[in-house]
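Alright, two takes on the same chain below, each alone as structure tokens: structure 1 and structure 2.
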Structure 1
């Protein structure tokens, strides 16, 4: 959530900043929020004053009783009763208003960073680095889609995955499964110098999924287990962010850094029929996420660090990649500033988004109530959260199978994965 006070004190500034997202309906919501807030403040003031009077009278009742003045205490009780009735009806109105305001605020997007480039949609995202590791030409033997190679080598068995679970589920086998796991191991090992490894729950409560901004607006994108009120996480960002929910961190402990390898579940509603082959879009996949809870003035440097770390793993795998920055029109609801890393897959002849690194400013932390305290100072401040996909398995796996395919149809294992492959150096042609 953005700060209601910001909306109150500088409505034009907020309006200008959100206008950069190029979503007209967003500005309408802003107006609704503003008018709800105005009304709420008037009513709250009036209600607080009534409460003050009731509180005073109640104190008097106690004092008068002690003094033995029964008649006066009865009179005070009667007066208080009347005020209390009016207070209750105002309180009802104020509760309704604040619930409506909260509901609107949950749907209003974060304010883009001033340096986020302007743009209307994903086609306006500028390339800020790369292509890197890009060979001048790709050989014909690399121009084979990973689903063909994967099936031929017996390392991808989507047919049976579909038998087991339905469309958009995948299954790796043999060295393909080993390589999927090796990728996670690599990503965890590369970040273990600074990030605590966590194995969080993958089923979470509604409150947890709301904290990161995935609810209420994107309920259709998540798998739900209605009977138990639980949701399957779309990313480890969800449980890792809420790891600190409701807590007050000490400044010296920040930034807090955690990472996790989890399954991620996405319904991919609205993308039915797209990317149906191979592993480009699946309902369930593995990912290693790295996440930081930082002081506001640490956040910009942390964003750079996360990008560098995620980039480093892709570079270590020797894959051709580039980095793009997300423009204001394509920025996610909770995002303040974001970069994507894309890998080139010669078999599909496409750039694949394999990592997304984002700074959420205080947007998620306000929802999750993650604060920090500076030693020696009164009060608390809201933290900043940031995270990035250190490695998302399926698309990287696909890019490796395509880039590393050799003329004889086998797939060479990238050097960086060799320590985790039980001695295998190649996935042999059948």
Structure 2
């Protein structure tokens, strides 16, 4: 969440920054937060003054009793009781206001980076690199949707996946499953030089999902295990961010770098009938995430590094791709600055988002209470968090099947995946 002190000290600056997100309801939330905070500060001052008076009266009672002045002692005790009742009432109101303010602050989005391009929505996202590896033309045999090719080759069996689990679940088989696993291993190996591999839990607590900004705002898009008070993770970003929740890191140990290959679960609320064919949108998928907890002055360079790493994996697969920067009106709730990598799928005739790389400034770390300490300085500071999709399987898999489809209906395996394919170089036509 944003720092409430920033809202107090520079309310107009915060309004101008959030107005760039082109969502009027955000400014209404800011007004509510400011009003709650103003009332809370007034009550806190009055409560603290009452506590001071009660303490002074307690001292007077003792002195009066010692002096033998019973009447004055009892009068002071009565005054103390009346003030104490008022103080307790204010303390309860303070607690209620604090809870309300916290709830509103959890829903207020992050402040966009000054360099994030202005825009109202996804159609305003500028292309900042590419297209790269884009051929002048595509052959007719590449213009076949991956769900048709996958079914014909026996490597995609969504019909049985639906029988097992319901709509919007997918299943890869044979060399299709091998290729899905190979993609994840490729992403892990390409980042193992700098990132510690972690296999975190895929079920997390409410506090963990709140720390990244997925709750309370996006509860409808998450799978909940209500009996146990747990949630299925929508991305490994969630448990990786909370690795350091409530901890104080030492400056020399930063940036802390971790990566994870996990299954991810998303309800995809409101997407019924949209992009649900093949592998484009699914409730469960595998992804490799890379994440860093950095010093504020390391964050910009780390963002560039994460983009370069994620781009490098897509480039190594030989897929046509481009990089777009996310405009202010399309930024996610927690995002400070973001870039997406998209690949072109000729069978779908679409650019598909396959990687999102984001800098969250101190927004997530403040929610998770991740701090760092500088040597020789008193106190601590809030860290910055960043992450990137090193590789998300479904759309990359789909793009490979379409781009690498050959005239006989087979699919050639990209060279970068060959070490992981148990000797297979092609997915043969049936």
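It should be emphasised that the depicted structure is a prediction, and the values quoted were computed from it without experimental measurement. Residue numbers count along the first chain shown, from 1. C-alpha atoms forming the largest set that superposes within 1.5 Å between two forms make up the rigid core.
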Query raised in the report: Do you think the form predicted together with the RNA is shown as structure 1, or as structure 2?
Result: 1
Report task. State the hinge position among 74, 89, 106, 381 for the rotation of one rigid part relative to another between structures 1 and 2. Result -> 89
Query raised in the report: Looking at the two forms, how many whole degrees does the smaller rigid part turn against the larger between structures 1 and 2?
Result: 21
Query raised in the report: Rigid core superposed, residue 63 Cα shift between structures 1 and 2 in Å?
Result: 9.2
Report summary line: Rigid core fixed, the Cα of residue 78 shifts between structures 1 and 2, in Å, by 5.3
